[in-house]
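Take a look at this single chain, the form predicted alone, given in structure tokens.
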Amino acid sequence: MHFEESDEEKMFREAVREFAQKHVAPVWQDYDKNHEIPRDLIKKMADMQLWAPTVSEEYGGAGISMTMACIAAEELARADLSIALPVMYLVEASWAFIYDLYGTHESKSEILPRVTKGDLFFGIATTEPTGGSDLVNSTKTVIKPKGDGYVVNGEKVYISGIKETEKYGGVYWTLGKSDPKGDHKAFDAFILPLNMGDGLHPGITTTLFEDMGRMGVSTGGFNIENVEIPKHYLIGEHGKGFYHAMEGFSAARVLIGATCLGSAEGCFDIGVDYVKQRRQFNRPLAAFEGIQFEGGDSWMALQADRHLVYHAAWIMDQHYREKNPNYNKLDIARYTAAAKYKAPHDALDVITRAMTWHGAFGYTKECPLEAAYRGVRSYTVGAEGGAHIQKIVMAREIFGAENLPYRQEKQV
């Protein structure tokens, strides 16, 4: 076993940390209040090849590994405790990666160079009003052939980057069914161009929701009414969209784990510094055994999450980059589900302890920890699959797919 980062990874971490502490840390509380990440910050990230960095060099990306993508997510979240910027980063880094794997050369040449330059937001839109995790039964969006392309009708909700896309431009990796009553084999994945830089696509109408956290990035939804797309916007093979989406969820989940890890680490450091300085009963808070035990619990959780997240990323790299036959997509799904479940829940515990150490101040908007609490909470609720879905994914690989609860119900 080898637990040390390579020289390349160490240099990359140092470069991202320097960038994040210089350009992100001083401004994140401002955009948490005004609800908009500065465009010049995104452009600076693009100049550093940190915007969709997993995209191949052919299309303007850096072609970095998933391990390095996690390093960037962790360091960005250490700097932006609210995780708004890391959320935008991880969406681009994960779903643009899957698009790069399966999209047509024609569509990638048109879209990805604009994404990696920070000119287009690249988002993910699979959730619908009737449900999120149950894609097979809840997806009502329909994609049908029309002429030399397709026509799409449907609705998507709880989608990141709607305001940014409407204002500056963006496209979405999304799903529809060729047969509304079909099963998982009826899904097609495709690029939906909401705004290619010249305004919303005809047939697209948007709405915005107000989240409790991650205020720097918007959340909303959009209606799709008779939107026509070219044939080359299809991602992968016809009928394989569901499977490609599962790969995208895995990529996003490991980056979510790294993001929550980074925010929790930043909060833990702030908490430790505070209890060393704050004095009560003629001694530092750090000298109280109750604080020390909680600190040990937090440190242990962070170490466990670090190993789990980076092990999951390593497995992804073994499969996609090294073509190691010992690791397949089901292995990836299990480990990334574990990372997506454990890291956010542990992070919430770590942040809560650090807030408690701060006393009444920890419950104010002046304390940076409350923004971290609001942001990380989103990933214990849902996003890229709810908490219980992660347990179902893990259980599927432990007990066998034949024992999944919903398959048992069908048999009865």
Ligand SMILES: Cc1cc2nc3c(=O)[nH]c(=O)nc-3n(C[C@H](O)[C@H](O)[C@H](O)COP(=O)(O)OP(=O)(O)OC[C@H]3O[C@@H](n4cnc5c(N)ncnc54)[C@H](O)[C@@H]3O)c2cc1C
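The first residue of the shown sequence is 1; numbering continues from there. Because the structure is predicted, anything quoted here is derived from the model rather than measured.
Not pictured, yet referred to below: the form predicted in complex with this ligand.
In short, of 121-129, 72-80, 267-275, 180-188 it is 121-129 that has heavy atoms within 4.5 Å of this ligand in the model of the complex. This chain is displayed alone, yet in the model of the complex one of G386, P38, G359, G60 has a heavy atom within 4.5 Å of this ligand; that residue is G386. Out of the listed residues T139, S94, S160, S298, S160 is the one that sits within 4.5 Å of this ligand in the model of the complex by at least one heavy atom. Contact check for T67: no non-hydrogen atom falls within 4.5 Å of this ligand in the model of the complex. Among heavy atoms of T219, some come within 4.5 Å of this ligand in the model of the complex.
In the model of the complex, this ligand sits beyond 4.5 Å of every heavy atom of E155. Contact annotation for S133: at least one heavy atom lies within 4.5 Å of this ligand in the model of the complex. Residues S378, V381, G382, A383, E384 of 357-384 are found to place at least one heavy atom within 4.5 Å of this ligand in the model of the complex.
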